[in-house]
Structures are given as structure tokens and as C-alpha cells.
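The chain below stands alone and is given as C-alpha cells, in the form predicted on its own.
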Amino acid sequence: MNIAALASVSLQRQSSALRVWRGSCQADVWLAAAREVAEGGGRLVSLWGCDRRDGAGSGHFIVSAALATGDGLLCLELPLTADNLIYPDLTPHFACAPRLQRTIYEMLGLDAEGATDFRFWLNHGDWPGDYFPLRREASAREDLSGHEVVDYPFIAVEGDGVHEIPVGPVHAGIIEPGHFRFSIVGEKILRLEERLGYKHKGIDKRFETMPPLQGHRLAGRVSGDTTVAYAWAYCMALESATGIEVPRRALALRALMLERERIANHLGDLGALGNDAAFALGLAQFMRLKEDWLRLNDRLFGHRLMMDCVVPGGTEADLDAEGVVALLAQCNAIECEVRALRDLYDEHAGLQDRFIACGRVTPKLAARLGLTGMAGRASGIAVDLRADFPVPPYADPEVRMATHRNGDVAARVIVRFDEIVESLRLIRHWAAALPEGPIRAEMACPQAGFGIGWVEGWRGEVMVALEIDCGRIRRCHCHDPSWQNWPVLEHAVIGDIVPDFPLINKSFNLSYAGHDR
């Protein structure tokens, strides 16, 4: 869909660097736009609500949809009056919508008209059903005890020989909590149903107590393995709301850190995937490389994960000449070892037997379910914000997108290897030609404004929508690509055997914390 075709909506471009448009409309136009985007091959990036009432209760609620089109990101707001807290159901157009809509109800009490699934998603009995945490009158200090906690009604599969296996939320290792309910015959998986939300921390409510210039620190802790992407997306939203220009050197440093974050996670995943297929040597070697990578992060940027290094207006850390030399030397050494390990993985018959045709998501199914990010690119969904909508410095050099069409564990391994090599190329290019100048532009705390940040993290697109009012954060919505991809995992395992689930799950490596917030 061409954004310019929305003649019935008054759109405002949010940033000169990022192709983001924002507008407000009524329910019929809101739904029609979503339908047009879906029919045109676009996707739903995120869906969230906001309470814009004042302290006296006057004002209205908003439901916002961020829709990705060939032109960029379209943010459409639908105002809801206090006597009609219902908005159109987007499930017929976007498969990832139901869980987002269930969350909007839990947080704000806004209903999707025509929705059929009313089970709580993030609320595990921590608060009563008539308490909505993101409403203005809700207080985190309220006594929410004494309400009845009901069991979660999982969908049962019936038939001869069908058994259920409940797994989690507490797992047999150092892993975040999530519940997986398998319906099986023998070892063959007929159905998987997930229940997440155990990592819900009330981050959206916490943002409301923070000054805008401090919000990047909380954003960077939404999901620790994606701290650079979240902090950059937050800062991008804040900077677009204020119109500040970030120094070129700072942008190059941000990109360097983002690609180092991508490589660190891919290295860890490749080792874990080898381990899940009983190839312990792969785990040992890749974790050794990841550890060296993280130690240099600590030396150059002051933190192994580069937490709090991306700040409003630029970066906190800089690279000197000695740091550039160390960074380039490590890139060369890592690439040699990664290429050798790739040959080993490719030639290992046991690994290939476990990887090939396991956990397959066809391009057709991936498109229908909205699979995104690295996993999407392994299933023929050629979408990467670094290549499609490059912000500085990603236009120079152009990003070579890594894709595959098989959509199985093997394809997701191949994409990881390809992305490591490409990220190393980008890092070398930027490090060898770092622009001169400051690393941070001074910013004053804005009194009001709205902005969106949109960044291709290592899992996929991270989005932050930031609304400021009276010098405070009215609403900060952080979206993780895991929202789109967790439902796809339920389909990827169908027909495979239970012992392959850890391998398939790790090949996606989705975030619990980023999803649950």
C-alpha cells in the first residue's frame, strides 16, 4: 500500500531520517488501512493503547497500530471515548494481533470487537480482572490481594493415543520462564500451546515515573541481550520528537555497537545449536569466541553487553586509535575461526541430519503468520530495516541481506553464519573511517512531543513509541519481534518429535523478557 493513497487521513512525517508517518482517524478508516496494508504485503509491527485522560478523567483513550509498508512505517491512532472502549479486531488481517489485543485489554480495558480469545495473557493472577495497570487512576501501590486466581484454560486435543506434556515455566537450566503444553501421539507433536507472561515486570508503568532523558536506561533493560537496539530505538524516538541532530561519529559508534551485539548473540546461538544436536565441541568453541568478543566490549565500551552506552543525543563511549586497532584485529581473527567452524558444521553428518528439515516454516506460512527478523529471512521473508530503510550510517556501505528459503533449523543456522560475516564487514568499514567530531549533542528535556524509533536488532525489528507530556513520559511502548515469532514456533514444531523441540526453540531464540516486559 502506498502511504500517499490514504487521502482520508492527515499524516505527519515524524523524522527526516526515518520514514515514519503518523495520523489519527476513525474506526472505519483505521480498519480499512490495516486491510490495505495486509493485502499489499505489509505487516503489523505493533499494536498498543494509551490513556490520554487528564487527572480529572476528561479526555480519551487511544489504540495505535504501527503498520510496515513499502514506503515506511505508518502509525495510525484510533481515539476511543470513555463510553465506547471498543476498536476493530485486526486478527482477520494479521495473525500476530490476538496476543497484542489481549494485552491491551489487560493493561487498559480496551476491547477488540469480534475477538474470541479473552484469556489473560500477561496477568497470572497478580491483579484482579477489573484492575487495569496503565489507566491513569491505577496505582502500583494498591493492595491487589484477595482476588480469586483461576486456572488458565489450555486448549485440549482429544483422540486415541493423545497425551499432554506440560513443560515449564520452571526449566531444567538457566533459562527464562515460559510454559509449553504439548499434545502428542507417541513422540510426534500434534499441537503446541504456549503461555508466557511470567517475566512481566511492569516496565510500561515504570516509564511513566521517569524523566525522558533517563528513559533510555530502562529501555536498554527490556531485554538484556538486545540492550543496544532498544536503547537506540528509544533515543531515536526521543531525538525525532525533539528534532535534534545526532553527530555523525555517534551514529557510526551506535552502528558499531549494534553489529557487535548481533555477532555476540549469533555466536552464542551457533554454539547452543551445536550442543542441542549433541556436538559439544561447537558449544565450547563458539562460547570461547563469544567470551573474547564480550571481553573486548568491556574493554572498549565499559560494559560486556554495552549497556547504557547509547544515550540521548549520541553515545557515552568513544573509540580511540588503540581501540580501533584492537577492534579490527579481533574482527579478522574471529572471521577466520567462524569460517573454519562453518566448514565443520557443514561437513558434520550428525549435525546436518538434525538440522535439515527440522522445525520448518515455509515461505508461504511465514508470510501468512507474519514471521519477522532473522527467522523470517531464513524463510524467504526478505525484510531487514538496515537494507530497506537505512538510517545513517547504514546507507554507506549498503547492507547485504542474508536470506534463505528452506525455513528449517539448517536455514536459520546458515543465515546466522552469513550475518556474522556481513556484520564483520560493516564494522571494519566504519571503524576504519570513523568521522571526526563530538560523540554527543546536548539535549534539553522536552516538555511535549511524540516520536518513534525503529531499529533492526539481532532478532528482528525493535520499535519504541514515545509520548511526552508536561516534561514526563506519558507512554513508552517497547515492542520486541518475539511478539510476532512466538506464535510461529507453535506451527514450526508440528509433525516433529518432542526431543527436537529444544533445537527448534533455540534456532528461533525468542525473548521472554522482551515479550513480557
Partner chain sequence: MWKILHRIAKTGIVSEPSPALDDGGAECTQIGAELLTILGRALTIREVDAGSCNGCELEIHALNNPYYNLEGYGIKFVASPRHADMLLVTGPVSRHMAFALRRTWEATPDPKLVVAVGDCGRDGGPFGEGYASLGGVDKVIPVDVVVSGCPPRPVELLRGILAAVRRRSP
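Predicted model, so just to flag it, every value in this text is computed and none were measured. Positions refer to the first chain, counted from 1.
What comes next is about the form predicted in complex with its partner chain, which does not appear here.
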- Options 438-446, 397-405, 373-381, 304-312; stretch whose heavy atom lies within 4.5 Å of its partner chain in the predicted complex: 304-312
- Identify which of H93, R191, R249, R206 has a heavy atom within 4.5 Å of its partner chain in the predicted complex; exactly one of them does. R206
- Among R135, R102, H429, K290, which has any heavy atom within 4.5 Å of its partner chain in the predicted complex? K290
- Is there a heavy atom of G173 no more than 4.5 Å from a heavy atom of its partner chain in the predicted complex? yes
- Query: Is there a heavy atom of Q330 no more than 4.5 Å from a heavy atom of its partner chain in the predicted complex?
  - Reply: no
- Message: With a cut-off of 4.5 Å between heavy atoms, is H200 one of the residues that contacts its partner chain in the predicted complex?
- Response: yes
- Message: Can you tell me whether F154 touches its partner chain? I mean in the predicted complex, with a 4.5 angstroms heavy atom cut-off.
- Response: no
- Item | Within 4.5 Å of its partner chain in the predicted complex, all of N84, D130 and L273 (non-hydrogen atom) | no
- Query: If you look in the predicted complex, which residues in 263-283 sit within 4.5 Å of its partner chain (heavy atoms)?
  - Reply: F279, L281
